[in-house]
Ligand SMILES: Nc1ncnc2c1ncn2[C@@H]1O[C@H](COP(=O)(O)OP(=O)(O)OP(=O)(O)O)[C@@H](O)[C@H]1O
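Just the one chain here, laid out as structure tokens, in the form predicted on its own.
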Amino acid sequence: MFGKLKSLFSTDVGIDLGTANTLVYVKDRGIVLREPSVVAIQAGSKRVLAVGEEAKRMLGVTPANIVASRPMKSGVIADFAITEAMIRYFLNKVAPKRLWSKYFKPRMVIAVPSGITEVEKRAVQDAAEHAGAGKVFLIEEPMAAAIGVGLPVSEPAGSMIVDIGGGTCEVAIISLAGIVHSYSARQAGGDAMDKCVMDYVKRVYNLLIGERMAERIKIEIGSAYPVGEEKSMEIKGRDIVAGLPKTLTITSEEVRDALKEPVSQIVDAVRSTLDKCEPELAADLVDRGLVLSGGSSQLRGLDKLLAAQTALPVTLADDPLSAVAEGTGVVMNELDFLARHERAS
């Protein structure tokens, strides 16, 4: 009786706790929050001043008494206390505390990279519980992404997903509702791409640019493969030699050259996973191909490059940024089953 009452008042929540962005899915409401995974705190303390979009605007422009940082690195928790504060902020934003919240805590499904350790999993669970969650379920990001984009993961046939976020590139071949083969590349996500752009501009032009400028360059003129007309854009930063602000123009060919390393790692991750594939699953993939999801999968020409390198059909998800969060929402319908299974085991 009490269990039924709890399910009536509690809120089931799914979280794509990403390195770059956090998405929150609430049962029966869909995705209700999309915010950058950034927290601004008072220097020398853990007092949170801003979270999400407001905190991201502070990156690189804060005074000495404010520190704006990303508490998630490569898909895992780098700062436990700040991650806990971030989850609590997002949780309160989508499901404000009620008088009965002490007894009816929300159940939570959190997507985590497929390659994380048991210690890293425990850190995610602890952070969520300390932030106010009740029962916490973890699901691997590639599985959540595959479910979110609508792949037939339960069928006795191979489906392949490549989920590229801010911190990691997750590749998985799925059959019968399980991951048969997977590969997690921690230096092949959007953050690594941004860093490569920053390093290239510094090395070639002696110009220091910030994370936001590097991300803007990647989004506006970045590509993994020549597609359409080449572009150029004006960028601004600080000249290392003169120590003064400077403006210059960079081309899309240069950006493509700067992104070679992380793009090559994505291709290698896909090929390495395919190398392990059983002949029967490989035959399925010839027809089904692979699906790209995650915010960084939107890099222009990446689908064409992977198609050329693998000789497989490559499809970009309709809403790649939402795939993992949508997958956690589907999994919510099985929470009661998962809970019973855990108790039985």
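The numbering used is simple: start at 1 and walk along the sequence shown. Since we're looking at a predicted model, the values are computed, not measured.
The same protein also has a form predicted in complex with this ligand, omitted here; what follows describes it.
This ligand is not shown here, but in the predicted bound form it comes within 4.5 Å of a heavy atom of Gln298. Residue contact with this ligand in the predicted bound form: Glu215 places a heavy atom within 4.5 Å of it.
Taking the partner from the other structure, this ligand in the predicted bound form has a heavy atom within 4.5 Å of a heavy atom of Ile219. Contact between Glu84 and this ligand in the predicted bound form is not found at the 4.5 Å heavy atom cutoff. For this ligand in the predicted bound form, the listed stretch (43-51, 290-298, 311-319, 277-285) containing residues with heavy atoms inside 4.5 Å is 290-298. Taking this ligand as positioned in the predicted bound form, the residues of 14-41 that bring a heavy atom within 4.5 Å of it are, in sequence order, Asp16, Gly18, Thr19, Ala20, Asn21.
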